[in-house]
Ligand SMILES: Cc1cc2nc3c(=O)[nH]c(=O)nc-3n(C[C@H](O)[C@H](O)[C@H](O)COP(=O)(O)OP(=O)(O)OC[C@H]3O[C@@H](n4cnc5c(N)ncnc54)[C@H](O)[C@@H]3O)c2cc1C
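We begin with a single chain expressed as structure tokens, specifically the form predicted on its own.
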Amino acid sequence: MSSAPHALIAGAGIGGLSAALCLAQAGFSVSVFEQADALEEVGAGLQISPNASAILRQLGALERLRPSSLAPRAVKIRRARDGALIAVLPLADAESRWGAPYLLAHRADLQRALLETALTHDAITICAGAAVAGFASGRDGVAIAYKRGAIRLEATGDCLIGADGLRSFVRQRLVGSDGPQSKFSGRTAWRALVDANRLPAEMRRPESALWLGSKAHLVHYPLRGGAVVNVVAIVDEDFRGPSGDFWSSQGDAAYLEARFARWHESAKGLLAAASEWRKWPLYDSAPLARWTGGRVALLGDAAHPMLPFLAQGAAQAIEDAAALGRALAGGHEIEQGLAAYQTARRARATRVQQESRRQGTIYHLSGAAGFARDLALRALGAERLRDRYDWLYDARPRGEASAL
């Protein structure tokens, strides 16, 4: 009996762990190489839309996530200057409408649910503290070099999946400097977790809130059973900061206070309740012409970094993983399977990239353009607004429409 094909994955983030689970279901043995010594609790909130939660359910990770997640009743869109309600996107019936739940969760909780699920699979090995440092793809397999401290080691497999994020080493080696490079978008994201006990009841409701202002917007929603509120402020600004870990940059609360000085008191009170801010620059990239080469493929941010204005970064990585598993299931020839994966995913991921960029422009309109946007949202009404997300959220596709 022939042995199972062996997949090597660079990166144990959400995309890498999802890919490991999908490939294990497809009959692969999987080795995941993560440069961090341990999967730390970094990041903040995620909106896990039904197109992703349906896949998490199939992988067995959704039930592990549910106790720490929250299903919002709606997204409420408000005007920055006076808090006026502009529009409501209903979400209470998300599962019956789109085939899976819409959830809010901490990034670390999702990563933990995926890791715990992966650790139940005998076919999956997680190699922490192992940074992929080189690879070569041949006709019969792929070989990688990886570092554990000062020690350089090697591993071989049937394919290599680069799920190593925005600054992907695998993408750099696969595509080179000729491919599109990630560029600063002119916006920064500020994140904080606020103790819910410090906030009024209106800020603790089981819903997601989106405030639209001039050259800035604000998102907040409860996490972890309502114990904390996740806050994200995104502003148009220049950025001069550390070139390393985006999370290492501490934000100056005085800047936000001045930047949001003309916003409604409720929004300003929320910002003032945060004890610490972390900020990082948002990067964008033109679509890659190819995600694969030989027995190597890219996944998630390594393949299609996208702005967060549709909250789809993690969801699209999870979709990639599912498509990869389907393309390589059943003992298909590896290179053909990876090419089929690219074909299945590239157009949709590119569209989400483009729509996310467009959404950011809409969110940050000011003056007459912002006034017209608000009128258009009000005129749509809840049902037509929700219709615009069917193309994105539906786990059972029913045709496509434009995003907001």
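Residue numbers run from 1 along the displayed sequence. Everything numeric here is computed off the predicted structure, so don't read it as measured data.
What comes next is about the form predicted in complex with the ligand, which is not displayed.
Consider Tyr341 of the chain shown here, and say whether it contacts the ligand in the predicted bound form, taking contact as heavy atoms within 4.5 Å. Close contact is absent here: in the predicted bound form, Tyr341 is far from the ligand, nothing within 4.5 Å, heavy atoms only.
State yes or no: in the predicted bound form, is some non-hydrogen atom of Ala131 no more than 4.5 angstroms from a non-hydrogen atom of the ligand? Output for Ala131 is yes: heavy atoms within 4.5 Å of the ligand.
Ala267 versus the ligand, in the predicted bound form: is there a non-hydrogen atom within 4.5 Å? Although the ligand is absent here, Ala267 would stay clear of it in the predicted bound form, with no heavy atoms inside 4.5 Å.
Does at least one non-hydrogen atom of Lys279 fall within 4.5 angstroms of the ligand in the predicted bound form? Answer no; every heavy atom of Lys279 is more than 4.5 Å from the ligand in the predicted bound form.
Using a 4.5 Å cut on heavy atoms, which of Gln35, Ser31, Ser69, Ser356 is close to the ligand in the predicted bound form? Residue within 4.5 Å of the partner: Gln35.
Contact assignment for the ligand in the predicted bound form, among Phe135, Phe169, Phe260, Trp98, heavy atom within 4.5 Å: Exactly one listed residue reaches within 4.5 Å, namely Phe169.
Based on heavy atom distances of at most 4.5 Å to the ligand in the predicted bound form, which listed stretch, 193-201, 252-260, 268-276, 309-317, is the contact stretch? That would be stretch 309-317.
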